[in-house]
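One protein chain, two forms: both are listed below as structure tokens, the first as structure 1 and the second as structure 2.
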Structure 1
């Protein structure tokens, strides 16, 4: 393999190749999207504050409290998210946004290693968006109830 071909296959060059697999839609709360339905008549307020009239069900526990709404949501186009460089992205491409901070996870996700896969190991795979598994406002998984433990040999009749 010549050096050019080797470079083309290197992880750095392929970094932003997003696999073209099926992903389920982003898990919006019912009736919440498009955001502009409500926000079109509201005057945008860029001031960092605690929301008291709406979205009170959202408790932001992400990045130790350093984050707030407009770090990800766009002030002027409510139906989009924005990257640090100002580029607007759809909610369906949220991985670009998360990948800005969680780069190694993004890399693993693209390779099919971070996150859950279903479908075919050699064909059609179903990927999940970051937000399909993690609540973006509280990304840490909530504890689960474990399923029943196995029977102890002494309990088998």
Structure 2
């Protein structure tokens, strides 16, 4: 079975009748996924708090600091994300999660105006995930320091 056929048969696509886009794997930090490897023996704690034991390198700067881990990550199944309506999705479907708040960007992404896609002009396409370009915890790009302009040949001595 090729990957496209496997995606069409995934439980999320079958259950929610939503289109499935072919995407590259999410850019997980090495050794961090599946999340259940570490969380399987931990009691879920839904309370908002400063993380002090693990994930201390994550500085959540999304939606003016109003976001919390469990707004996107599922409390009971750490290998899944969840939508506002409670539906669980895989990390490869993060565009549905992002699209809940960023609807116009999601529309542009589907049309190929926002983000990157590769493939055939009238055939299969691979859509880069939101998280392939944006850090989901700090989605705004950091400013770049401009480089000096090149020297004019007439100024080179």
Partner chain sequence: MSKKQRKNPLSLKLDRRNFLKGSALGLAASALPLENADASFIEAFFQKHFREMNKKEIQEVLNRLEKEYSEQYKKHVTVKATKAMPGVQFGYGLDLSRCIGCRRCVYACIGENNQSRDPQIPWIQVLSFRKGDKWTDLEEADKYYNPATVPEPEHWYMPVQCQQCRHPACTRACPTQATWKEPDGIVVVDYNWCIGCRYCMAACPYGARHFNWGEPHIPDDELNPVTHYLGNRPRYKGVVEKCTFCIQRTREGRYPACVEICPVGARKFGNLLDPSSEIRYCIENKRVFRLKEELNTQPKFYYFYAT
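Predicted model, so just to flag it, every value in this text is computed and none were measured. Numbering follows the first chain given and starts at 1. We call the rigid core the largest set of C-alpha positions that still match within 1.5 Å between the two forms.
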| query | finding |
| --- | --- |
| Identity of the form predicted on its own, given as 1 or 2 | 2 |
| Shift of residue 145 between the two structures at or above 2 Å (CA, core fit) | yes |
